[in-house]
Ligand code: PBG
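There is one chain below, alone, in structure tokens, taken in the form predicted alone.
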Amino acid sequence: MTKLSLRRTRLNHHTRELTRETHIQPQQLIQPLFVVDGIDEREPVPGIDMLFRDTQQSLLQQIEADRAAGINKFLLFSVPAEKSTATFNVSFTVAQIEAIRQQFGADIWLAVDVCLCSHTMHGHCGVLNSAGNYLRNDATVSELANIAGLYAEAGADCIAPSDMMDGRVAAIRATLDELGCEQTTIMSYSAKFHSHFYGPFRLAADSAPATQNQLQDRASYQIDPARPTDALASSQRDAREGADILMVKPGLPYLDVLTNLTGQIPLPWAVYQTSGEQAAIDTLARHDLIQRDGAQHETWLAFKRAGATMIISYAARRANQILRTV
């Protein structure tokens, strides 16, 4: 009887490369960007390597540097200087989109996050009721759809609603089509969980719910981590309403959800490796407790194995370096 060997294809790097089934391509990575109104110079985001809150000027320089490093797909988050509770001025964001499009044209793909958490005085993702204890769904959706139209007309390739309101994808799709922006795609945060892995992002986007709010957190509109069936229902709804790309966020704690959803809904799937996940890798590496690039690559492989088509990662701008070293 022939002795079975499973090790022969693992013995050297050549056969390991030849037999790999999962591959990471820089073209499938999306780099988040933060631009902040009213700051004089770019600011590092605590806990995450090579991530910044950019000025209007440094934002364009950062995109140019990312392009030189082989990354040409971006997800933009914009932080205005003035916040509100009901009507929202997004002219700062519109100006950034226009400037990016003017400088880079079709050389990059630009998605823009559509949410109100950075724009509200209370830090929630929409319009609160007068008592301050409930997020008004339809009033929020109306604001989001209007904002999405402005972003699309300014030159966004993709609208990315992250608010988790009911019906927002349908409203945004209708608005885009009415404006003649039917070619603008929608990447919906369809399975966004009420997670503890968002901390550095909330610092970068100035979007943490204010502690004096009656509504203390986002549990009433983000998905409960213990309800994966809710993620399926939300994703099926957004697919029916016209989303072109669906998303799971966070990534690593929800690989089972990602595998289940990608197997049931035949649309392109994004996974968002959150700021908390990234900060964990970078912090361990700073203490020499993990090999940073190898660990980063391993997480990306996990997302791809689970069914992700694309990965939103704060380390995307280091992808070519990472892929050369693993």
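Quick note: we count residues from 1 along the sequence shown, nothing fancier. Remember, it's a predicted structure, so these values are computed and weren't measured experimentally.
Below: the form predicted in complex with this ligand, not depicted.
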Next on the checklist: Give me the residue from 122, 73, 218, 173 that has a heavy atom within 4.5 Å of this ligand in the model of the complex.
Outcome noted: 218
Checklist entry - Of these, 187, 223, 148, 115, which has a heavy atom no more than 4.5 Å from this ligand in the model of the complex? => result 115
Next on the checklist: Considering non-hydrogen atoms and a 4.5 Å limit, does this ligand approach residue 202 in the model of the complex?
Outcome noted: yes
Checklist entry - in the model of the complex, does residue 168 have a heavy atom within 4.5 Å of this ligand? => result no
Checklist entry - Is there any non-hydrogen atom of residue 314 lying within 4.5 Å of this ligand in the model of the complex? => result yes
Item to check | this ligand contact at residue 88 in the model of the complex, heavy atom, 4.5 Å | outcome: no
Checklist outcome for this item: Within 4.5 Å of this ligand in the model of the complex, heavy atom basis, the matching stretch of 272-280, 35-43, 253-261, 53-61 is 272-280
Checklist outcome for this item: Near this ligand in the model of the complex, with a heavy atom at 4.5 Å or closer, the residues from 15-52 are none
